[in-house]
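For reference, the chain that follows is the form predicted on its own, supplied as structure tokens.
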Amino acid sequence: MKESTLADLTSTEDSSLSKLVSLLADLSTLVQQRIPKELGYSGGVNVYGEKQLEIDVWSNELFTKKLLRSGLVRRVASEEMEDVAESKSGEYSVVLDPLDGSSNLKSNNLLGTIVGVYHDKSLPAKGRDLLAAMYFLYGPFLQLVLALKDGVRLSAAAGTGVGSRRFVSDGQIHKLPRPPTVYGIGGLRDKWTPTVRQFVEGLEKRKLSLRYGGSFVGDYNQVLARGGFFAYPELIDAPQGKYRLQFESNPLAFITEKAGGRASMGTGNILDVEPTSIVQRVPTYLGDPDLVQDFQTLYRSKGQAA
């Protein structure tokens, strides 16, 4: 099978989008190189009250400044910032979680970067309007999962070039494997609602294997690779869950649908949620279309407060 580069995969897209993906690919390699060098806290907190690691601050500044200075991006919204940052030129709006799973850093577990790309949209924006979504996974190798209008493709930073030419791929459209084999559920078990508990019991009876490590992209990537179900659900003390609609749930929901899966917040499709703010959270259920539909049916049968 012929090896393709990321540049080949984006060659049928607008040249400006191809350049943007290449820039993001370059920035991801800088993050990967920086990860072993910074293990301390910055002393600050983000808009959600969470401690910021130095690399959280550094990666946010890296992506934000480079994107806004590229001439390609007009607006950037990040999990690490209270407001949308803007430049005077550019045709894209980008939402991002610069370093997902940064609490895993000291234990040397998986981290990632999540990105959503809109064409000329004000932020916050509806997930259904995404033009592209992707995540970079900083694991044993640097992987890019990229969803464009025609589907999802996987690539790895295993080439000798720079930017898009460093990432190589088999060029094939990737679909969620079936039958499903793994699952992961976030949040403390004693904080799960009865509906979530009942559904998880069903997954265990079906002999799905538990995979959960505390990094959204790391845990979701297990589902993408093996087939299954992943969720950060509504909790008894956090009915909106944990994930931010703009920076986490929408991009991963877009990827899931393009891979043949389903994305739900229990009451309906995540991508159809009308955003009310940049910091909005939503319960998030992703993966195998039948499993997500089963959960949604159970959720509705129990009532929204179940």
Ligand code: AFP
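One-based numbering along the sequence shown. Here the structure is a predicted model, which means the values were calculated and not measured.
Quick note: we don't show the form predicted together with this ligand, though the next part is all about it.
- By the criterion of a heavy atom within 4.5 Å, residue 147 is excluded from the residues contacting this ligand in the model of the complex.
- Under a 4.5 angstroms non-hydrogen atom cutoff, this ligand in the model of the complex has residue 99 among its neighbouring residues.
- Among residues of the shown chain, residue 215 is one whose heavy atoms approach this ligand to within 4.5 Å in the model of the complex.
- Taking the partner from the other structure, this ligand in the model of the complex has no heavy atom within 4.5 Å of any heavy atom of residue 258.
- You can rule out all but one of 241-249, 62-70, 268-276, 22-30: in the model of the complex, only 241-249 has residues with a heavy atom within 4.5 Å of this ligand.
- Exactly one listed residue, out of 90, 187, 184, 124, brings a non-hydrogen atom to within 4.5 Å of this ligand in the model of the complex: 187.
- Between the options 232, 199, 118, 192, the residue in contact with this ligand in the model of the complex by a heavy atom within 4.5 angstroms is 232.
- Contacts with this ligand in the model of the complex, taken as any heavy atom within 4.5 Å, map within 103-128 to 103, 104.
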